[in-house]
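Next up: a single chain in C-alpha cells, the form predicted alone.
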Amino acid sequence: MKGSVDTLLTLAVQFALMSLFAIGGANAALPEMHRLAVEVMGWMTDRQFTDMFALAQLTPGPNVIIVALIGYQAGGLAGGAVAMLGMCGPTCVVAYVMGRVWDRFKEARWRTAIQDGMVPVSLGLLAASAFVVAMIADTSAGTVVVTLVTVVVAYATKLNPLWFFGIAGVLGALGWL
C-alpha cells in the first residue's frame, strides 16, 4: 500500500544511509537506489527507473530529484517527501558541522590528502552510476551503439550533453531504437 508506515520508514532509513555514502552527489548512490527500488523492494521496473533518471536529469535544478521520484513511486506524496528528507537531511547536518571544522585546518597537510583522496572515490562512484544506467537502458544493439558513440563524442568534444539527449530522443521517437 502506498504511503504505508513500513514503506515510509524504509525510504527514510535507506535514503539517510545512502546520503552519507553518496560522495560526489546523489548520482553516486544511483546503483544502490536502483538495487533498492527495483531489485529489493520491487517498487518499479528497470524501465521506470531509467525513465525517472532521464526525467531527473532533464529537469532544472539538482539531480537529486530522482530521490523524490523514487519516493513518490513507492509511497506517494509522503514517500517523495520522506525520501528527500532522508537523502538531504543527514548530509546537510554533516556538511554544516564539517564546514565549520574544516575551515580551521586550511593549511593542514592531512586536509589536502583527504581532499585529493576523495576525487578518485567520487569519480569511481559516478562511473559506477553511469555503468548501471547504461546497463539498464541499453536493451538492444542500437542503444549500445548510441551509448558508446555518446561516450566517445562527449569525451572528445565540448558539446553540451543536451544534444545527446535530443538526438537519442529523436532516434527513439522515430522507432530506430
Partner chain sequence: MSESTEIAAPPPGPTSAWALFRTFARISLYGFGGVLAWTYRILVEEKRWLSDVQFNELLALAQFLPGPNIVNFSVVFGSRLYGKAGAVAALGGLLGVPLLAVILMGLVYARFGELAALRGALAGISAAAAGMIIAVVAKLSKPLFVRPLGPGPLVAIVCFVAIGVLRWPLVWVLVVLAPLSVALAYWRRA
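Residue numbers count along the first chain shown, from 1. Computed from a prediction, not measured in an experiment: that's the story for all the values here. We call the rigid core whatever largest set of C-alpha positions still superposes within 1.5 Å between the two forms.
In what follows, reference is made to the form predicted in complex with its partner chain, a form of this protein that is not presented.
Contact label in the predicted complex: Trp43 to its partner chain, heavy atom within 4.5 Å:
Contact with its partner chain, no.
Might Thr10 be said to contact its partner chain in the predicted complex, defining contact as any heavy atom within 4.5 Å?
Heavy-atom contact with its partner chain at 4.5 Å: absent for Thr10.
Counting only non-hydrogen atoms and a 4.5 angstroms cut-off, does Val5 reach its partner chain in the predicted complex?
Heavy-atom contact with its partner chain at 4.5 Å: absent for Val5.
is_contact(Ala74, its partner chain) in the predicted complex, heavy atom dist at most 4.5 Å:
Output for Ala74 is no: heavy atoms all beyond 4.5 Å of its partner chain.
If you apply a 4.5 angstroms heavy atom cut-off, which residues in 119-133 are near its partner chain in the predicted complex?
Read in sequence order, the residues that approach its partner chain (within 4.5 Å, in the predicted complex) are Pro120, Val121, Leu123, Gly124, Leu125, Leu126, Ala127, Ala128, Ala130, Phe131, Val132, Val133.
Using a rigid core superposition, assess whether Thr139 undergoes a CA shift of 2 Å or more between this form and the one not shown.
No, the C-alpha moves less than 2 Å.
Rigid-core frame, C-alpha of Gly42, shift of 2 angstroms or more between this form and the one not shown:
No; Gly42 is a residue whose C-alpha shifts by less than 2 Å between this form and the one not shown when the cores are overlaid.
Ala108: with the rigid core matched between this form and the one not shown, does its Cα shift 2 Å or more?
Comparing forms between this form and the one not shown, the Ala108 CA shifts at least 2 Å.
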